[in-house]
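So here's one chain in two forms, each on its own in structure tokens, numbered structure 1 and structure 2.
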Structure 1
């Protein structure tokens, strides 16, 4: 066999592609259950973080995998509502994808479905609503939890794909998120009345949140995302 020929080289490369590709496919298949479990845990952790609005210390110590999964499975009812605010699915189907639903330009807002995570604790209900927006570089997202009156913010959890470390990426930090706690999204007449201000522009003793320093576009994205969430869920919130 002439190991210096082009045919030998191409044949060797073809065998390596098949062998390495097959090995990677097997590894991917073997790891899929673990990956899916981690993705599910991450989603539940964000939901519970918004619903519980714990202190910074308690977030670190209490939100373990066991606690999150146990509390979610015992006390959270997840369902889909339509634009009119009516429950159309008692459980969220595994095939439902909020991101795809929101980005589907062919479907009018009035035909879209929205997830609600209803948490019951000592007879009191809290509702976590999913959010999706745009930061400086890419998508920002999260959950905003409202108390039983469906107006007062219980807690929030944010995430992002590519905001700047130390600036826009600070949206995930407790120091920023805690500003939302116990503020109302609406005025006494039921009109939307909440602003995430540019850093340093929060009125003295005013309502709203002081934005992220050095991250005006991310701050604007958070403000728009919260407002859009209140809009798409408005009929559910008014029920």
Structure 2
């Protein structure tokens, strides 16, 4: 057989496309439920991490898949608020995508919807707000949980797509996150008063979080992200 003829080449390509495409589609649809469950668990773990603000030992021992899912389903109420801080959707629709909503340039901020995760424990409420920002190489994101006064930080959880391991990627570490716990985002007059400062450069009022050494741009990105979150949720926080 002449394997160099045009007909043979085209035929070979056609069969290859069908076989490879079919195999990939099959695997992708077979694994999709598992992957979706992983993504959902990852998101819920981050939300619970910020809401619970556990100690480092508890975080690694208690936050199992079962615990996260049962605690989330029992005690977390997720809803969407508009820019005025009013609840517009009692449940977050499956079609809602925070990332898309924030990046949609055609929609002014006043028309956007923002998710809130309300956690009730012993009658006390904690609110987790979603964050999105830019690190050095790519997107950084996470959740910031505020106590019932909607001013004091309960806990935070961060994630990133491509920060430098050992430098910017350290933002996920407990050592960095615990600095946020129990700090207030606002001063006594209700003005935004919080900073993630460049390593070692403590602001005069002594408030804020010491940034990541060797990762100035990631540090600035986190600072801007927290500030932006306080800005877009400000009417909700003032209610």
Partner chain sequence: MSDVNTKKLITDPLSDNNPITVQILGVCSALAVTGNIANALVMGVAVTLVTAFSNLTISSLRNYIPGRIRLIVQLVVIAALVTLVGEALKAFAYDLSKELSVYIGLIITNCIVMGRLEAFAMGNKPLPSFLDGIGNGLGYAAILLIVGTIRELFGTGSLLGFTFFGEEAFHNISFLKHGFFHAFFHNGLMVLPIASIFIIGIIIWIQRSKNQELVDIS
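What you are looking at is a predicted structure, and each value in this text was computed from that prediction instead of being measured. Residue numbers count along the first chain shown, from 1. Here, rigid core means the biggest group of C-alpha atoms that superpose within 1.5 Å across both forms.
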property: Selected structure - criterion: the form predicted together with the partner chain; result: 2
property: Large Cα shift (2 Å or above) at residue 10 between structure 1 and structure 2, core-fitted; result: yes
